[in-house]
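Take a look at this one chain, the form predicted alone, written out in structure tokens.
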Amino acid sequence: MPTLDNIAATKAILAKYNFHFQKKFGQNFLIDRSVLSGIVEAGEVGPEDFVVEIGPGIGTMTQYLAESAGQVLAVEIDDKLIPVLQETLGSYDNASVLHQDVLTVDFLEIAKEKNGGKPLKFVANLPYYITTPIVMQLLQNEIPFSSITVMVQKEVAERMQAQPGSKDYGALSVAVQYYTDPELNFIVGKGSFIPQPKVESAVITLKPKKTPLNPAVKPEHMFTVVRAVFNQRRKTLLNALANGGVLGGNKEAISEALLAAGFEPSLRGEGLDLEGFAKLTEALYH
């Protein structure tokens, strides 16, 4: 059974290995049993699942996952945590550690080799400094997954599920909602971690969309448009797209595409929903 889900046990194992937190890895370890159980429940982790955990730290949540999952693969970058994990996960035959930078891991190959090509399930307390690159790597690289349940900064979770017209709505909102249906599970206070972060956290689950938004639209084209719009969100569509290098910055061609799609060039793009961005992209790159 899990042994690390309290501050005394966590401090003891850290002292044993003379471990010091490293800011560059964004290390904040969970010490709250209810949160740990809640994450496993939110991820709907069961015996049929091959779960990938990103940034296991000392293995606190890994133990919880191993109690419920069929297999758990924990991906850890910090050299100093590998011997700790070897001890804390030693009694779990269904848990293994991959010592690697998560941004260099070939998860498609892992799904093929270790899970018979079936979708992986991702569960993680993500390092906050690198949340967006990790999430986008999982979404954009055609990795088979049944769900991604992650703890992130509260404001990042709010951006992921933000709707057009809100201040939180931006490129991350569009990207996450292009690939998945996000659902915010619960908020987590600062006191659930050691050391305490400076911000509140939230657990959010991303499940793949059952049908693609618009098969005629290439994701790389759409996100070129999205980035251009939100990089200059207060500018008109015409100027934002031109300044962002869409269609080589050719304003005449962009204006024609906008009008063909039913958008006034003077419109601001920050209010466009997913379907609007898809329609605009199709007109620009037909």
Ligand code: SAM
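Sequential numbering from 1, following the sequence displayed. Owing to the predicted nature of the structure, the values given are computational and were not obtained by experimental measurement.
Another form, the form predicted in complex with the named molecule, is not on view; read the next lines as being about it.
- Taking the partner from the other structure, the named molecule in the predicted complex has no heavy atom within 4.5 Å of any heavy atom of G43.
- At a distance threshold of 4.5 angstroms between non-hydrogen atoms, Y129 is in contact with the named molecule in the predicted complex.
- At a distance threshold of 4.5 angstroms between non-hydrogen atoms, D101 is in contact with the named molecule in the predicted complex.
- Although the partner is absent here, L81 lies within 4.5 Å of the named molecule in the predicted complex, judged by heavy atoms.
- Remark: of stretches 200-208, 89-97, 120-128, 160-168, the one touching the named molecule in the predicted complex is 120-128 (heavy atom within 4.5 Å).
- Contacts of stretch 30-46 with the named molecule in the predicted complex, defined by any heavy atom lying within 4.5 Å, are made by L30 alone.
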